[in-house]
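Okay, here we've got a single chain as structure tokens, the form predicted alone, with questions on binding and movement later.
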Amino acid sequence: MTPVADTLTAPRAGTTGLDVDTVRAAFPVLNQEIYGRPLAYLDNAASSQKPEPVVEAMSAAYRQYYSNVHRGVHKLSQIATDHFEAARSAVARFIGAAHAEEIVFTRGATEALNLVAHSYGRRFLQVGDEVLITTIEHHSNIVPWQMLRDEIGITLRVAPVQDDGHVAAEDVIALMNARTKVVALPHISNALGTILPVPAIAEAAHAVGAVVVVDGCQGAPHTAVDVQALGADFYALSGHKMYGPTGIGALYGRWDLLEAMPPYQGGGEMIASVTFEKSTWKKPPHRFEAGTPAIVEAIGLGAAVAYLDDLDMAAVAAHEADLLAYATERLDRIDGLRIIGRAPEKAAIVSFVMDQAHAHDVGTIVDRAGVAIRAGHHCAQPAMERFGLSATVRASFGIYNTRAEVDQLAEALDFVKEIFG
């Protein structure tokens, strides 16, 4: 990340290896006005826009070869199955999985994390076992573990976050012991942008016999991911946050763990055989994909992964680091604005509050200036509570954003200050 102190000499947008003009041309939704102002879409941590290759891939599936997958013997079913499974292979390559069979398609990262908690957790955890999470989790990596705690009597422990928003590896490791069976943490915080030291934490977790579950929603769209180098035993990602469609996500699981886990849901496709006396299950990943899957959405996710691959994730990360540095410097000039979370390692998310107005008022006024941002607790209420807040304003950047859009945001925030004094 470009240090904030060096922002005046940081490279200009378009000199970080990413041709932003070409990228923006692939997203026609950006070429419009909101309330008479150019749209500046800065809500990427919630959901990203979709490039033409994704839309075209999904349209082609519906127009040319749509059919149910896996069980059909006719030609369209075979073609659809080939595209569906090619998407699985693309996701596996994108995150460094050893085998395509380690990728389970889900409705999103929320379902992926629930799958781990309720399939792996019910099979392998028992009363007195501990699950260790952090203070800055998304609700999707808190609530499933609470449900499991209430059902079987595990203990949920929470590692702290420092005042600057960073999570120190030593603080997490200090809470590990022989009872620690799962360590679940975000790759990147959706509320603060903090990049967590996953490899160091994972190494310590494995040393005490725990498995490592990583919420990768904010990791996969913004940085090169290698699940094996991270030390992740499970890694959850969400298609709609990485320029793919809604309703589709993926769970990476180490093969030996997936093979030992029972089904998450029952129905068609996940079975090897069914009688009234007994049913047997397919091997992973199909064991965890009951019923007709989100076929076209998976194909769209595969197209999104291919699109990001073509851009080069190193160039993506450099471009977004430049935007983060510029936005931090630009917003720091605004009196009464306080950025929440200044971790040394941080992704392109800026959360802040203003003395002059509540976060929701800020979001509403900024919207009238054509700037789409998020205001609220960001499905991270414990993190908000840690910093004594009910909500923040969050600007989150992606591959198509520019410094000019940062300026548009800053000017809108200056107007907020004028309105509320």
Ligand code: C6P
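This is a predicted model, so every value here is computed, not measured. We number the residues from 1 along the sequence you see.
This next part talks about the form predicted together with this ligand, which is not shown.
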**Message:** Please tell me whether any heavy atom belonging to residue 241 falls inside 4.5 Å of a heavy atom of this ligand, as the geometry stands in the model of the complex.
**Reply:** yes
**Prompt:** Does this ligand get within 4.5 angstroms of any non-hydrogen atom of residue 374 in the model of the complex?
**Reply:** yes
**Message:** Against this ligand in the model of the complex, would residue 378 count as a contact residue? Criterion: heavy atoms within 4.5 Å.
**Reply:** yes
**Prompt:** With a 4.5 Å heavy atom cut-off, would you call residue 232 a contact of this ligand in the model of the complex?
**Reply:** no
**Asked** Of 60, 30, 46, 365, which residue is found within 4.5 angstroms of this ligand in the model of the complex when only non-hydrogen atoms are counted?
**Response** 46
**Item:** in the model of the complex, the residue from 165, 293, 108, 284 that sits within 4.5 Å of this ligand by heavy atoms
**Value:** 108
**Asked** Which among 311 to 319, 188 to 196, 273 to 281, 224 to 232 is in contact with this ligand in the model of the complex, heavy atoms within 4.5 angstroms?
**Response** 188 to 196
**Prompt:** Does anything in 132 to 160 come within 4.5 Å of this ligand in the model of the complex by heavy atoms, and if so which residues, in order?
**Reply:** 138, 140
